[in-house]
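Next up is one chain by itself, shown in structure tokens, the form predicted on its own.
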């Protein structure tokens, strides 16, 4: 029981009379009405000071096996984690390699299925209890709009979002590239919107050179861009810069970081472009300086 001697007399209490309660709008679009737990987890994916995220993706092995640069996750990925806001990985890699003392948001690859040896995107989802056990910040599900498994992957997202709202864990829709649709702003705007409409709290999609702002503005939740195939360092930084300046809330970089000539320098340069508004030239200069 509290010590009665420590209770302040009523006349000395400060009730803040006359001071209106601050309106606590959340910093990410489309998230004001989410539960506290979901907002807290989103704050581990995105930096609350900038509203942006540098995600480090190394989930490639779930469909591609030991991708170049990911043969030894303990050697190639663990040294990069301190420079990311959050990481995107599978539960196998998380348990086997990622230090439990790491204080970063975890975007868990929550769907799995066919590999690159067969037709991709025939996927299922894992058990929500495993996501809870691993204290993940968001669950990522592949959504194949325009592909053979469109309905199945949308259902995977819907079920994931349902469980996420039940347990306070956000979901991320990851747009696969459909073979029957053009890879342009019209396609990605459709795919991103479908993910958001079906409950995704974040969408991961690809940057388009033309009309990317339309993709962003047609989606009511934050969009992070996929790094995609390996580019030269300067080009990768230009990709980050253009996406952020056209409204993306973050970047999820994998091959353009861990396949770089200097991955540690590259992720720091990406971080500077995303959070410090460095230009591509400034970021590339930083990369070169750190590589000396």
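Residue numbers count along the first chain shown, from 1. Everything numeric in this text was worked out from a predicted model, so none of it was measured.
There is also a form predicted together with a small molecule; it is not shown, and the following applies to it.
J.: Choose from 98 to 106, 78 to 86, 200 to 208, 160 to 168 the stretch whose residues reach within 4.5 Å of the small molecule in the model of the complex, heavy atoms counted.
T.: Of the stretches listed, the one contacting the partner is 200 to 208.
J.: Sort through 266, 45, 224, 253 and report the residue having a heavy atom within 4.5 Å of the small molecule in the model of the complex.
T.: The option sitting close enough to the partner is 253.
J.: Looking at 247, 51, 69, 228, which has any heavy atom no more than 4.5 Å from the small molecule in the model of the complex?
T.: In short, 228.
J.: So in the model of the complex, is the small molecule close enough to residue 131 to count as touching (4.5 Å, heavy atoms)?
T.: Taking the distances in the model of the complex, the answer for residue 131 is no, it never comes within 4.5 Å of the small molecule.
J.: Does any heavy atom of residue 41 come within 4.5 Å of a heavy atom of the small molecule in the model of the complex?
T.: No.
J.: When the contact criterion is heavy atoms within 4.5 Å, does residue 240 count as touching the small molecule in the model of the complex?
T.: No.
J.: Although the partner isn't part of this model, could you tell me whether residue 216 comes within 4.5 Å of the small molecule in the model of the complex, counting any heavy atom of the residue?
T.: Residue 216: no contact with the small molecule in the model of the complex.
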